[in-house]
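For reference, the chain that follows is the form predicted on its own, supplied as structure tokens.
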């Protein structure tokens, strides 16, 4: 990759990725360990011709982001677990009204205020199921500063492509570490824009999907007038409470994401070709898993690693295919066990799955992952 070589923090790389993707609006409320993203946005966005708002709370932050996106601006916010909890109501609005935006959650230890400066990966299920009702969500997880940049760009692309909110689930370790990163030149990475109406304004139906299940989107203030609501609505955006309409809308909101899982599934494999055992990890824990893999190989134990960059939709086909070639699996995560249940659901009970789970505000070590091998 061409571009500028920099030494930067993960949160800084997330902000740079957002700017590269074309984000020009940020609204947020400061919270450890994500505050650097807001600080950088406050300095940079005005210079880029964009807008920065520090809001009174996280509920209002996502409301402002939704409004900006409806007006045609790529918009994002950044928070941590307690703030992410407050955003769930408006996350549901963005899903139902099909508003593209990016929510960055740099996870920390909870519950509630918890350990405000310590790492965790315990918001995984909240990202999937936190808001109410039947819905689908896209959530990505970076494990390096380079991935912080690149997956942020991907998050905006997915948001614009599928007209949906996308969650970037980082963690305190990745958000605050500093590493070498290459910032690509403009145009080197693909940057997607939302689909626009191809019919005259008087014929525009804001929720009439194309064959891919995603409706073209106009801007508030343009000749293409439309009504955005979190209530059940028809293709015109007007209330429609019939069971048939509800079935059709809810199914389409689900299918526009799950019918494109191949496009959304991002994973990385390490030494998986002849592995007898497989570690599945994400975020900062995948870094410890890579060291554990090297130590195990030095001891003659063939261990591979599947790093999940996409957490939702869960990469079932990749996990199932990788699990079918090994004798056992270790799922390592900084929580009491969340992704491990998805792995067991996909793999079934004919192959052992060991959970290496830790929820004390400390990162998982390579030795703790290696200890999981003792269960086989």
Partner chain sequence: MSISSLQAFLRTEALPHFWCAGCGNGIVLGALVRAFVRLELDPTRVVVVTGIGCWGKADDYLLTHAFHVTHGRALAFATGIKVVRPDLTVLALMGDGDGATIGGNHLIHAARRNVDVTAVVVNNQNYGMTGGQYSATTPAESCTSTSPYGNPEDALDICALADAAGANYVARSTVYHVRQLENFICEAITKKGFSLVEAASICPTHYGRNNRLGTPTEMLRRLREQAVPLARGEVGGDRIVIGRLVEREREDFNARYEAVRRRAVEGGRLG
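Residue numbers count along the first chain shown, from 1. Owing to the predicted nature of the structure, the values given are computational and were not obtained by experimental measurement.
There is another form of the same protein, the form predicted in complex with its partner chain; it is not shown, and what comes next is about it.
J.: Consider residue 235 of the chain shown here, and say whether it contacts its partner chain in the predicted complex, taking contact as heavy atoms within 4.5 Å.
T.: Answer no; every heavy atom of residue 235 is more than 4.5 Å from its partner chain in the predicted complex.
J.: I'd like to know whether residue 50 contacts its partner chain in the predicted complex, with contact meaning heavy atoms within 4.5 angstroms.
T.: Although its partner chain is absent here, residue 50 would touch it in the predicted complex, with heavy atoms inside 4.5 Å.
J.: Taking heavy atoms and a 4.5 Å cut-off, does residue 114 contact its partner chain in the predicted complex?
T.: Contact with its partner chain, no.
J.: Could you confirm whether residue 336 comes within 4.5 Å of its partner chain in the predicted complex, counting heavy atoms only?
T.: Contact check for residue 336: no, nothing within 4.5 Å of its partner chain in the predicted complex.
J.: Out of 100-108, 238-246, 167-175, 117-125, where are the residues with a heavy atom within 4.5 Å of its partner chain in the predicted complex?
T.: Contact-bearing stretch, as computed: 238-246.
J.: Using heavy atoms only and a 4.5 Å cut-off, decide whether all three of 179, 184 and 284 touch its partner chain in the predicted complex.
T.: Zero of three within 4.5 Å in the predicted complex.
J.: If you check 295, 271, 189, 93 against its partner chain in the predicted complex, which one has a heavy atom within 4.5 Å?
T.: By the 4.5 Å criterion, the partner-contacting residue is 93.
J.: So which of 343, 311, 322, 45 reaches within 4.5 angstroms of its partner chain in the predicted complex, heavy atom to heavy atom?
T.: By the 4.5 Å criterion, the partner-contacting residue is 45.
J.: Taking its partner chain in the predicted complex, which residues along 48-75 bring a heavy atom to within 4.5 Å of it?
T.: Contacting residues: 49, 50, 51, 52, 53, 54, 55, 56, 57, 59, 60, 63, 64, 66, 67, 68, 70, 71, 73.
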